[in-house]
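Just so you know, structure 1 and structure 2 below are the same protein chain in two forms, each on its own as structure tokens.
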Structure 1
Amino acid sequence: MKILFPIILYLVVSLLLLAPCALCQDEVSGCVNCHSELDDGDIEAPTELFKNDIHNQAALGCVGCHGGDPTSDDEDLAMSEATGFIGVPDPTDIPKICSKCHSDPVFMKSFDPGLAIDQYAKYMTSIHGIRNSAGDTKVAQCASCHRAHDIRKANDPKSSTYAFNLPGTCAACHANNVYMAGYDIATDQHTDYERSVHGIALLEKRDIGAPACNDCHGNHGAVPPEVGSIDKVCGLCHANNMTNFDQSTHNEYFDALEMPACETCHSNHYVDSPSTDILDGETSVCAQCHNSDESPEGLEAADGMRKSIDSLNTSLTVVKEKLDESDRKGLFVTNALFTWQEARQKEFAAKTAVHTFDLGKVTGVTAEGLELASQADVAADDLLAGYVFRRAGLAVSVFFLGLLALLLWLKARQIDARQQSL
């Protein structure tokens, strides 16, 4: 009897401890238990991927999308039609499956009250959504961009929709010539974007504020911006450029000619770093419409704007070289650098003022910039002159200190010699 008591106690305690664990076996485990042991990679892989899925973290299991009965040990019964099992969903069904939860404000509120619930509605307005609902199984649906079993929040750096990863996600289809063959759409957007000022900022400089595809096209409601809305899309970031353009005479002409506002001069995916080459010379975009016979004043204004901005840029470069030299020499350049940065800011403002297409406004801004650059130049010259003074002062000081040291040492030696001789 004595030996029975501890055994019974052990069993009772073990059962008490194990019981809650048995109860907490969620529905995922049933699916995962079997699928993780199968050798078939396609069937096994999701169980591994799903570990990091945001749905798994919220304790939402396989059954939510695939149906079935994860509590059944019988494989046939667990994946029977009677239990609502649908297997791998058809691509045209996926948006509806996701929207069951993601469009339900009450349901979503209990998981992420801040998350939008209009993804499905927007998707149905997108080219992707329209084609998908028409039965096109190749166009992007939710799983194409968010993946199927490794879905992460968009602000997770490992998410396929995280800003740095998004261009690659879109390019998976849009840069694939074979895949896009039947759609009559270019496949060079990603290549263009990568070398654009936006692509370089986002992908090379890792500036998360730089626009990715979705910032211009929308995400769930992805469409190419209409001609009339391009300036609004670009204006989300480039607000002053948009305002200047909207108030300019070019706005009316562009509308009349059905020319997209920003894209006509700056291109769309390959937006190059803003340079005055765009105004005048061989790469002038102004010359695409203006010509010296019919509208020479347009070319003259463009030439004037270029010269004005270039002149400020040249001054800024010269002053910066002096400030860099001063900095290398250990001089305190901060104050002069502040003035230089103000002048540089005027250069940006002048480039913004180009969108007014008013030569007077551009030269007004560059004049302010030149004045500031001149002040910075004077300050840089003062610094370099001060450096010469410092070096000269140092030479004199070291000479006299060295001389003093030498004289004192000689005097000490003289006294020493005198005492030795006594």
Structure 2
Amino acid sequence: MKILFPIILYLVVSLLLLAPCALCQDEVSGCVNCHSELDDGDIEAPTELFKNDIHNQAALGCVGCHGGDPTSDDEDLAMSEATGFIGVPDPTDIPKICSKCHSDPVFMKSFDPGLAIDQYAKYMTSIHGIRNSAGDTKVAQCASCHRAHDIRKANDPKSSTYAFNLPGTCAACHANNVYMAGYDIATDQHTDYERSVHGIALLEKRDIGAPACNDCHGNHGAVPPEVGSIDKVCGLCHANNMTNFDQSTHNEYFDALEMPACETCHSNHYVDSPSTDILDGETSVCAQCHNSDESPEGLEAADGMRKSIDSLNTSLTVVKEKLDESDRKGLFVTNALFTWQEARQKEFAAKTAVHTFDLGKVTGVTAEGLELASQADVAADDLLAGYVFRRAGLAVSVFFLGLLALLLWLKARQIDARQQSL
């Protein structure tokens, strides 16, 4: 009896521990058993997609969203009104259904304590949430972005909200002319984004740190940035540019004219790779407001900033070619390259200083860069001159050594000839 008691106790405890998991599995399998036969192995079918769903991995079944009784063998009873079965949720109900769990801090803590529980509150402040609550079934709700039966963590590369996939997720609606008909919204955002400096960095260069749609518009609380907040949105990444602009005289004028800060010069979805062409020339954005008759000083400052930065860029290009040549010749270019890189940083700083719209500040930075570029240029010239000197010295040495070898050979022949004549 003493031996059986621990065994019985172990079995009872094991059954108690396994009971919740068994119930969870019944909750899932009860629905899946029937629907898997209907889906017949279709990889796009709900039962197949749900295998990789984060809710399935957490043993959360179909009932939470669809209602019903998965433990009943009676199909009519399992999907009856009495069991709370709702079938396919109406799009206007989906946010409320998801929020039952995702807005409950006690419930969510047992699954992912770090997951935010304010998604529903934010969603209701978004244009999507406002229109959804008003009965618009076409606007995005939870399943539109996260999918219905294949919901994965955002850091899963196969997730619809993973950084590389997110623009395509938004474009599913926003790039569809037919679907967006009736809304006063353009449908070229994704096309513009793809060829922008941000889109190329994210989608082509696979830079996961590059901004996608949600970085500027928000996630659950997605709204177009207002005129007065665009610089703050861009400033999340481009902090120095924002600070310079906020302290410039243009900030006051832009506010008075109700013009968006960054977007006025750089556009929004199609942000081109910035160059000095933006300051002066045929594609100058400065000329959109400044003209030679009413505000020539503005164009003169823009022209001065462009020439200053271009001059530094030209010097850096020339020096880099010399350093590359020195490196190919096997010379020690590390110290000179460090100086060149410092000068390169000054070029970046000068482009940032453009947002002060102060010619003196820009030329001050480029002057520092030109000085560093000059130092690197001198070092590169010394390296190449030393290389030429050593090559010339080697050639002279080889010549005299060859001459000496020839004289020794002739002397040896002369000695040979004398010995043979004796």
Partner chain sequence: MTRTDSKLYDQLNVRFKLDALVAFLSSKKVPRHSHSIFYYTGGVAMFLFVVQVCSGILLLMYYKGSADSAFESVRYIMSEVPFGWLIRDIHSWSANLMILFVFIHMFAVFFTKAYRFPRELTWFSGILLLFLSLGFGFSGYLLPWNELAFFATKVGTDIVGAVPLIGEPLLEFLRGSEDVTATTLSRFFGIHVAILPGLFVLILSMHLLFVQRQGMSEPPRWKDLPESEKSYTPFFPDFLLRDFALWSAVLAVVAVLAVLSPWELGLKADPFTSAPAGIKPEWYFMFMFQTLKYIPAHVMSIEGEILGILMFGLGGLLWALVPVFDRDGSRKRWSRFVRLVGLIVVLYIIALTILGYTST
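For residue numbers, the reference is structure 1: its sequence is counted from 1. Take the two forms, superpose them, and find the largest set of C-alpha atoms that agree within 1.5 Å; that set is the rigid core. Here the structure is a predicted model, which is why all the values come from computation and not from measurement.
Shown first, as structure 1, is the form predicted together with the partner chain.
Relative to the superposed core, residue 37 shifts its CA atom by less than 2 Å between structure 1 and structure 2. Residue displacement note: residue 384 has its CA displaced by at least 2 Å between structure 1 and structure 2 (rigid core superposed). Relative to the superposed core, residue 393 undergoes a C-alpha shift of no less than 2 Å between structure 1 and structure 2. On a core-based overlay, residue 406 has a Cα shift of 9.8 Å between structure 1 and structure 2.
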